[in-house]
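What follows is a single chain, given as structure tokens, in the form predicted on its own.
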Amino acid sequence: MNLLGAILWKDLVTEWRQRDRVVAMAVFALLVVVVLYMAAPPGMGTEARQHVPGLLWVAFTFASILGLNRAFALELENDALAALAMASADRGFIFLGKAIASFLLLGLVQAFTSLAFGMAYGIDFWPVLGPFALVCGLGAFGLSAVGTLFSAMAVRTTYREVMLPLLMLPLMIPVLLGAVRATEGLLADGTLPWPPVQLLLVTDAVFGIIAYLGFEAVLDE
């Protein structure tokens, strides 16, 4: 647990001082919102608004990939990956520290992106803020868990900026399906449907366990 706290504290303090990941993610998400607004301008019809949840989660996903690509960049630049590999504690705690830091940063970006999306498309998230935050949290957990594991795998490769989305996006399909369906229900009638939430819970549990157990092998490589 001490190792988890040290990794989490180091990542959050470093981000607070440099603000390179969260600012890059937020600016990128804002640009995605602008591009989507130009490509699919808001309409007054119900059919037009049905596409909004999918567009919103597209912005979340690509912003998370940008941030997760930098999750192990500092350790790579300072040749600290070897030191992490030699840690005497359970290396799963390294994964948890990194994943929680990415989860928190992604949560901030989700809040900013949702505000920008609401202003662009005329959507009021306030009446469903609690359930919507829950869906965002479950989606962010899945993105952070898988993204942290694959970021550790891709960071040593030559084309790590390309490898991470290639490895990550196919596994994100169930997370995105559950998140988009749940968001659709919230924006349609203000109710949170249980089946997509159940899908998110099961997927997050499976991804979290696999990533925690597999991180030691990834770090050894």
Partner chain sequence: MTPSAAPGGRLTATIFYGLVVAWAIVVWNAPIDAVQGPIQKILYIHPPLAFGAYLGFGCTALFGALYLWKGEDRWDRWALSSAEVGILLCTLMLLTGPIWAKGTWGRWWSWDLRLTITLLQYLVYLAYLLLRGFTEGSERGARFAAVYGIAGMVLIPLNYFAIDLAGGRSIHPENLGDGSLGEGMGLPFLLGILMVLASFFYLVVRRFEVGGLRDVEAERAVAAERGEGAVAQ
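Residue numbers count along the first chain shown, from 1. The shown structure was predicted, so the numbers you read here are calculated from the model rather than taken from an experiment.
Omitted here: the form predicted in complex with the partner chain. The next part is about that form.
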{"query": "Contact segment among 66 to 74, 25 to 33, 53 to 61, 153 to 161, judged by heavy atoms lying within 4.5 Å of the partner chain in the model of the complex", "finding": "153 to 161"}
{"query": "Contact at Lys98, Leu105 and Gly130 by the partner chain in the model of the complex, all three, heavy atom at most 4.5 Å", "finding": "no"}
{"query": "In the model of the complex, Gly5 touching the partner chain (heavy atom, 4.5 Å)", "finding": "no"}
{"query": "Partner proximity in the model of the complex: Pro196 to the partner chain, non-hydrogen atom cutoff 4.5 Å", "finding": "yes"}
{"query": "The partner chain contact in the model of the complex: Val13, any heavy atom under 4.5 Å", "finding": "no"}
{"query": "Proximity of Ala40 to the partner chain in the model of the complex, heavy atoms at 4.5 Å", "finding": "no"}
{"query": "In the model of the complex: members of 21 to 39 within 4.5 Å of the partner chain, any heavy atom", "finding": "none"}
